[in-house]
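One chain follows as structure tokens, the form predicted on its own.
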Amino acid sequence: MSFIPGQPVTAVVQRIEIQKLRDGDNLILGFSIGGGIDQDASQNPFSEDKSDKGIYVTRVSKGGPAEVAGLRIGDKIMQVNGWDMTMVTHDQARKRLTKKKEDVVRLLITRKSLEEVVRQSMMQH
């Protein structure tokens, strides 16, 4: 997926709903993120476009809520509970994901394999 500033973005997305795991006062999602508009996009190992400052999943805990919900390493998070995540800092993304009042996190993600499936099916028709 290439991104040109100021142009509409087309992406194949998937909805993922993660039920946070309660551990005392903590709510556990079971994944870590990288990226953000305040980070060095050239260091992002998941993006072919080295100017992409999106939020990516960098770690998924085995057996954790995120893995159970279907989240994968390398997924790009487009939305969290309806909030646009395409132009946020790393800290803003972290805060959106870890809100204490929310037991469920609804993500809109995109991943390379989703785009490949759509591209292949379009070529067959």
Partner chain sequence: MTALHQSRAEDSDIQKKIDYEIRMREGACKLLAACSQRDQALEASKSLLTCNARIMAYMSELQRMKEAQVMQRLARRSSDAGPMDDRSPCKGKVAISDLRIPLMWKDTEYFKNKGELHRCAVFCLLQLGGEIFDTDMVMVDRTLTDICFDNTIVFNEAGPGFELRVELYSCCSEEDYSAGSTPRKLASKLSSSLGRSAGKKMRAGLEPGACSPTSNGGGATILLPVPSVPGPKYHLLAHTTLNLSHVQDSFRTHDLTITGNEECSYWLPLYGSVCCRLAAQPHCMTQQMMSGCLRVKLGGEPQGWTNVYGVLKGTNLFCYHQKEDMEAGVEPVLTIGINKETRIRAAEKDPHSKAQNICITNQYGGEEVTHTLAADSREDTQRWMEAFWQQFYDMSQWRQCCDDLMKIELPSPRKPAIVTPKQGSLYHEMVIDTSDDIGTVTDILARRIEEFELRTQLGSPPHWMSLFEDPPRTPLNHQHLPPHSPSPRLHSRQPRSPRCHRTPGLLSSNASLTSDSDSPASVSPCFRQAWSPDTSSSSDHFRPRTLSLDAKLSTLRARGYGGFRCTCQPPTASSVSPRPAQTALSCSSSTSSSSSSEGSNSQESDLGFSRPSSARRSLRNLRAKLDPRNWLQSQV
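Since we're looking at a predicted model, the values are computed, not measured. Residue numbers count along the first chain shown, from 1.
The next section is about a form of this same protein that is not shown, the form predicted together with the partner chain.
Under a 4.5 angstroms non-hydrogen atom cutoff, the partner chain in the predicted bound form has residue 106 among its neighbouring residues.
Contact between residue 33 and the partner chain in the predicted bound form is found at the 4.5 Å heavy atom cutoff. Among residues of the shown chain, residue 15 is one whose heavy atoms approach the partner chain to within 4.5 Å in the predicted bound form. The partner chain in the predicted bound form comes within 4.5 Å of no heavy atom belonging to residue 49. Contacts between 69 to 96 and the partner chain, taken as any heavy atom within 4.5 Å in the predicted bound form, involve 81, 82, 83, 90, 91, 94, 95.
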